[in-house]
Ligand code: WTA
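Given as C-alpha cells, the chain that follows is alone and in the form predicted alone.
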C-alpha cells in the first residue's frame, strides 16, 4: 500500500520522512481500539494523581466519564511538578506585547504567580465549583488566572477579547459568573481596545457579577464603580498564604468555552479535568514531537479551544517553553511573526491557513529578511488547508526541511483528532490531507443513512466511540448536546464536517456539512471549490458560498482577494471561472465572482461564510461581534452592489 494522492507534490520532503508501512503507529492505533481502557490507563499514568481512578471509562450513551473516582489537579500538572525539578529555571513563557514590551517567566516564577493569583481568588470568595469569567488580552495574566482557577477547583470561562458587551453578557449570564477578570485595555494594530469600558456595559446586564478585577495593561484612565471594581495590583499587595492544589475529581469541570458563534447561538462546551488533560498531554507529544529544548508557538488566541489546549494545557503539562504574542500578525509590518520566530528561536510553529494565505498574498520578501532556521516543524489548525497553501508554507516558511502537521479537531473534541503523528512515527504527508486518526480516535465517513462509505467517497465525518477529550456536556442544555452530536447518527458522535477517506485511509476534511453546496443535484464542498480557486496564480484567498437559484437550487458565489501585482478586471473574473470549470468541472461554475481587499474573519482566523452568504443573498447579516475587522463586511457589500449595477458577473 502506498501513499498516492498528493505524493508527487510532497516529494521534496526529506526521504527519511517516508516510512511505510507504519509499524509503530499501526500497532499503537490497533491497541488503542482493541484495548481502549488499558491503553488510556497507560497514558494517564504519565500524569501525577492524588488518587488513582476506580474505572477508566463509564460510558452511558451519550455521556462518557473518564477516570471515574480519580483525583488530580491541573495546576499541579502544569506548574508544581516542574517547579520542583531542574525545570524551575527553565523558561515557561516568552511573552511579547504588540508595542514591543516583553516578559519572560520561568517555571518557578509561574509557580509563584499562580499561587498568588489563586490566593486572590480565594479572598474574593471563589472556591471549588464557583464560576468566573476572564475577559483579557493575550497577556501572561490570562493563562496564570486559568491555572489559578484550576488550582482551587473554580470553573472559568474565557471570553474572547474581541467580543461586544452583549456577547460578554450572554456568556456571563449563562454561567452565572460571580467575578469578571478584565484589563483597562489591550493593543490591536496600534490602537487600544477599551476592555474595561466594554466590561462595564456588559455588567449592567449581569446581576450575578459581584466583583470586577482590573489589570493595568495600557495605563489609560478607566471608569470606576466603587465597591465593585478592584485593581489586581492592590489585591496582589495584600499578604497571602501559599495555596495548596485542590485535589478534584477527574470528572470535575475545568472550564466552559463558548463556540465562536460563526454559525448561530454559541454553545457552552464543558470540558473535564482528568480526561481532557490526559488527552492533551498525549496528543501534544504525538503530533508535535516536542523535545526538552523545543520552543513552541501556537499563534491562536487563548479565547478559543486551540489556545486552551495548545498554548496552556498541552505544552505546560510537558514543561515546554511557549511563546505568547499579544497583537496582530501584520503589525506594525508583515514580518512581525518572522521577527518573533528569529528572536526566540521558535522550533514549532502552529498557525492557521488563513494566516498563511495572508503572508502568501504579500510575497516572500518579508520572510527573506529573517533567519528561520530554528524551525523544525510546522502545524496547521482551524480549517482545511489547501494543497497550494500547504506547499507555500512548506517551501517558504519551512525551507523544505520541516514536516507540516495538518490537524483536524474541534472545540467539542478538546484536542487534536486527525493529524500526522511524528511523535509516534513519521507519516507520509499529503498536502491538503490531515492524514490519519490519532490513537483512540475511531473515525469514519458515512452516508446520509449512517452507512460507512468505501474509499474515495465523500460523506459525513463521525467518531464511532468516546475518547478522553470528549466534551462533558453543553452547559445548562443537555437536550441540545444530544441533538447536536448524537441524534443525526444514533450511537456515534457527529462532527458536522464533510470528508473523504482515500484509498490509503487518509482523511480529507472538506468543510462544514452545512457549507456543502447543492448545485443542480450535485454536492460540492466549499473546501474543494476554494482549493480549485486558490490554485489560480492571481488568487491569494477565497471564500465560497452560495445564493438561492430557481433552476440549480443553489448557485456558487466567490469572494476573492488577489495577490500583490494583480488588479480586479472582468477578464480576470472570467479567467478564474474558466479555471474552476477546468479544475472541477462545469457543475462548479461560479455564478458570481466578487473581488475584495479582505474577507470577514474571526480573530481566530475562521472565515465567516454565513456573513458572505447573507451579503450574496441579500439577507440579514446577524451577529458579527466575533469579527476581527467589520469593515470587511461593508467592503463585501460594496463589491456586491457594484457588480450588481454593472452586471459584470457571469
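This is a predicted model, so every value here is computed, not measured. Positions refer to the first chain, counted from 1.
If you look for the form predicted in complex with the ligand, you will not find it shown, but the lines that follow are about it.
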query	finding
Answer range among 571-579, 284-292, 402-410, 130-138 for contact with the ligand, defined in the predicted complex as heavy atoms within 4.5 Å	402-410
Exercise: residue 245 in contact with the ligand in the predicted complex, heavy atom 4.5 Å	no
The ligand contact at residue 383 in the predicted complex, heavy atom, 4.5 Å	yes
Partner proximity in the predicted complex: residue 305 to the ligand, non-hydrogen atom cutoff 4.5 Å	yes
Contact of residue 512 with the ligand in the predicted complex (heavy atom, 4.5 Å)	yes
Contacting member of 80, 497, 184, 473, with respect to the ligand in the predicted complex [4.5 Å, heavy atom]	497
